[in-house]
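Form predicted on its own, single chain, as structure tokens, below.
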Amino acid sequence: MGERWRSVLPSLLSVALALGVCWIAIALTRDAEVAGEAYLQMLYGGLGQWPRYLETGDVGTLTRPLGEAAIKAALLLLTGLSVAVAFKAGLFNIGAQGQMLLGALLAALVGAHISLPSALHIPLALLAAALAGAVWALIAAALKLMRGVHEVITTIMLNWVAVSLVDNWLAIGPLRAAVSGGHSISGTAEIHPSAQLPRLLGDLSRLNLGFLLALLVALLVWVGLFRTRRGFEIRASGLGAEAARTAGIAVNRRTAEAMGLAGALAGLAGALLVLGTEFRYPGSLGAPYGFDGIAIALIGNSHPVGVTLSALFFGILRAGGTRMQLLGVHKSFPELIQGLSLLFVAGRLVWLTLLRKRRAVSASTEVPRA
């Protein structure tokens, strides 16, 4: 348990330090009272306005903010898992954004151009998105395993190929929705109602089935990585490829499987965005959730549980960021907190050194028993 806490503490300290730095930045540019109120409004925007609910009994003041936080957390969770799974195999998947784009596009096409009952339509759209993301990621895996090309280079390049292919051509060209009523429509055609993820609270919130699916996927990833032989072999391959080969593990196969799974997870994130809130592939996905997944994975220590907690926390902050504008504070501050947290986590060695020194001081000052 002590070792687990030591591995978690750097992330917790990094987030706390990032929150403190951003609070100081607001206090210096405005004043301390505004900084405190801005943070309070950010929490209200992500967790609900509990004082107003207790005063009026309006449950919507809770369900709407919680729903928005859950939607953002689900996307961050899947892209974070995408990066984390690759990390476990010794890979750096910077291509989650491109894989998410392809997954979102395929989900939109299946949702709009195939008519099926909802019980079949939603799984089919999710499967198509996962396969699209997996295939896109396997291109990088193939280049690494067959030609020795580093995955960082290929996944970065494939991101921009995906943007050019999807956003700059397909979504505004061949796959663009037909013009109706003389009005130009951005992106692909709207998906059928049978492909839309059901809302869990009806009109009270945009919270949909995607949040529960993301949590289920995180549980399955944890089971797969830490409770199965294949997961052990993936982690062993990431820790030491040559040692794993000596032990009889098919390293190349496990590497390809991990990269394919990483792509599938990012593709699922794109599907949740399209099937849950957008209901079509827009002209551009906008928020770079795929790149955010890198930060979520690193802050979560590349563990499914840590990634889940990290995604939930930053989902709350991101959902509440817009309420900070009520006080004249820019809504991007939650992203700044996330970026600073990643920067401080990158200095993990500093935190671990400080913790070791603290333990050493405690041990030296401990009074020996008679």
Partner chain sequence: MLELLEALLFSTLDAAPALIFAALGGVLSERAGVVNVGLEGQMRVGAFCAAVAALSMPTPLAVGVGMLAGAGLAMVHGYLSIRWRSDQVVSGMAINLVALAGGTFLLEALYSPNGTPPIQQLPRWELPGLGAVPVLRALSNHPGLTYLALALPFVFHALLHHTPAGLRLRAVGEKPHAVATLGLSVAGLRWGAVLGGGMLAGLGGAVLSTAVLDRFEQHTPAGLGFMALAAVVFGRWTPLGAFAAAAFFSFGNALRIGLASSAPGLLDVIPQGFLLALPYLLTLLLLTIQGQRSSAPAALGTPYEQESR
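Not measured: the values here are computed from a predicted model. Residue numbers count along the first chain shown, from 1.
As for the form predicted together with its partner chain, it is not shown, yet the points below apply to it.
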>> Based on heavy atom distances of 4.5 Å or less, which listed stretch (63 to 71, 305 to 313, 330 to 338, 33 to 41) is in contact with its partner chain in the model of the complex?
In response: 330 to 338
> Do all of I94, L145 and W169 end up near its partner chain in the model of the complex, with near meaning a heavy atom within 4.5 Å?
Replying inline: yes
> Pick from A295, L109, I122, V221: which residue has any heavy atom within 4.5 angstroms of its partner chain in the model of the complex?
Replying inline: A295
>> If the cut-off is 4.5 angstroms on heavy atoms, which of these, L126, L261, L213, L158, is the one near its partner chain in the model of the complex?
In response: L158
> Does T154 make contact with its partner chain in the model of the complex, using a 4.5 Å heavy atom cut-off?
Replying inline: yes
> Taking heavy atoms and a 4.5 Å cut-off, does R176 contact its partner chain in the model of the complex?
Replying inline: no
> Does the 4.5 Å heavy atom contact test between A25 and its partner chain in the model of the complex come out positive?
Replying inline: yes
>> Can you tell me whether T56 touches its partner chain? I mean in the model of the complex, with a 4.5 angstroms heavy atom cut-off.
In response: no
